[in-house]
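In structure tokens, the next block holds one chain alone, the form predicted alone.
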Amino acid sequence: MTAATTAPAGSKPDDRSPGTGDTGDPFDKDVLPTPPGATAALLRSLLAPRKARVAVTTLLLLLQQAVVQAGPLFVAYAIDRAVPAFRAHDHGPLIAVGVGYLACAVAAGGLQWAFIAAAARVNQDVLLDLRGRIFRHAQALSVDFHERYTSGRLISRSTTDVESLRELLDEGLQELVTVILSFVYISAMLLWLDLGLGGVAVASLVPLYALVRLYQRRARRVYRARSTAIAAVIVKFVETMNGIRPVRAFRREAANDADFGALNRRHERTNGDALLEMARYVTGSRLVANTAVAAIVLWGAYRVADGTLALGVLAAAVLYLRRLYDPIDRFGMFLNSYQSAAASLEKIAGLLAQTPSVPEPSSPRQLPPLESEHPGREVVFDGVRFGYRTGGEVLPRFDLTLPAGQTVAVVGSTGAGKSTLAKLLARFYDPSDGRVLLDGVDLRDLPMPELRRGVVMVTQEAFLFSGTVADNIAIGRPDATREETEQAAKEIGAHDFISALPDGYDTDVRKRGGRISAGQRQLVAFARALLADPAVLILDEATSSLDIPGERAVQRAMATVLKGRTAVVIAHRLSTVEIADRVLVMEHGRIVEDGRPAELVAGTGRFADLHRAWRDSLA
């Protein structure tokens, strides 16, 4: 069962959670530390299950390049042997050259088609695997990670960065292997045809290699900056669209447009830097290549004139040289794709290297069976200390025992630590010191499925997924029947409004439940939690979206449903406290009052003051 919880955006000020308020350069907030070797390990893990298909794909490309590079040899043979034979009325060699050249062309085309088909299957499988890993890993990471690392950056990792890798796999790797094989085949052929010409051609590769290394070093920095810049653009766009209501309500359009324009210009500049580095590389490589070709042609022509070099060999050498240097521009495009993909893969590897701060136990334990007459469980906070990464200690030392079946209301001012208590009980976070026990079992020793079956949390913002009302209610218990789903809605008081929807329980609530009101979404969230039938139910400001009649309806349902179960109710509306057996008043992470509601109201303490102020506000 999954907890009936919300997106991290629903956290409140008293969480003191970091949210997205990272400091430093806003364009670098999406950078996660990547352990040494993590990028190469990720690439190996993606390709390892497909080793056989990768080998077949490589073999097809090797054969295709071998056939393609045979062409100039036929030209040399035709000039030096077949044409003279033809003049002597021997047509056989020229016919053989024509047939051989045609056969090579047909074979090259067939092998190219087979290579593209095989490579496409490998590439798509790799990308499918990678997207799945990102999605599964993001879901497995703890709540504190998602409160620091925004959804926009996760979207950038799974879209823009994966797309960069797709471009490399679809085109870049073929270009790389083609260029390398061309260098190897052509250098060997030139050295075999003529040692001098081959030596000059091979020597020209030295400055080209230096240019490549220089381009790699400069482009790596540029593409890292470009990847960060586009992630910032996506984050701003996603956050603005998700918060379009407050944007319109507070007239933030102009300010957001200015912020987005700055991010967009940053992206534009990084793209320009990438194009400039590419232009430098292409200009330098063409200068080296054209100089080498000119020198070899002049020297070769001189040798043909004095009879030390056959004309056919020079013609073949020139053809090979053009084939040797023509891929240089394509190699630059590969380096372009490679640097972009390398920066993206590094960021993906950094994301996948993140480990949950709330890990699964190495030696899991099971909760003791529930007694049917006592469906609740005992909760104990034993010497708990906790603080968020961006602030001081929220709970300096916290001790609390909640007997099984007791409903406890927790009240206090903003920042008192109420929601932190709830998140520790739901194990969205682990305490920095001490233990949270459920029927004597440390929550850190419980496997997540076991914990989620026992503890369910309903928060202030009821998050609904696209789909039917029935599907949203049954999230915490997918095997529930329609009758059980409807019964949960009836108990919570949601059945009437659901039945009035166009398709009843089969009505699509659309994105984030936008088709129904906030109060109705809250009722659906309650029905979801009640259907899950937890032993411990946490309500964190869960009635704040309801109007007075709706709140009273929920309270009447809760009085029945929570009977015998352990419940922690965190509320600013003190009307919610009326259903509690016990009230805790918190200040600065400590319990300053503890007692039954009637006793505390009749006293002179903090709760009595809060209750009096609340009653005055209703007058």
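On a predicted model such as this, the values are computed, not experimentally measured, just so you know. Sequential numbering from 1, following the sequence displayed.
Omitted from view is the form predicted together with a small molecule, to which the following refers.
- Although the partner is absent here, A416 is a contact residue: one of its heavy atoms lies within 4.5 angstroms of the small molecule in the model of the complex.
- Although the partner is absent here, T459 is not a contact residue: none of its heavy atoms lies within 4.5 angstroms of the small molecule in the model of the complex.
- Looking at Y429, you'd find a heavy atom of it within 4.5 angstroms of the small molecule in the model of the complex.
- Among residues of the shown chain, V394 is one whose heavy atoms approach the small molecule to within 4.5 Å in the model of the complex.
- A heavy atom within 4.5 Å of the small molecule in the model of the complex is found for one listed residue only; from R266, R377, R224, K423, this is K423.
- The contact residue chosen from E277, E486, E147, E346 relative to the small molecule in the model of the complex is E147, the criterion being a non-hydrogen atom within 4.5 angstroms.
- Of the candidate stretches 408-416, 476-484, 355-363, 281-289, only 408-416 has residues whose heavy atoms lie within 4.5 Å of the small molecule in the model of the complex.
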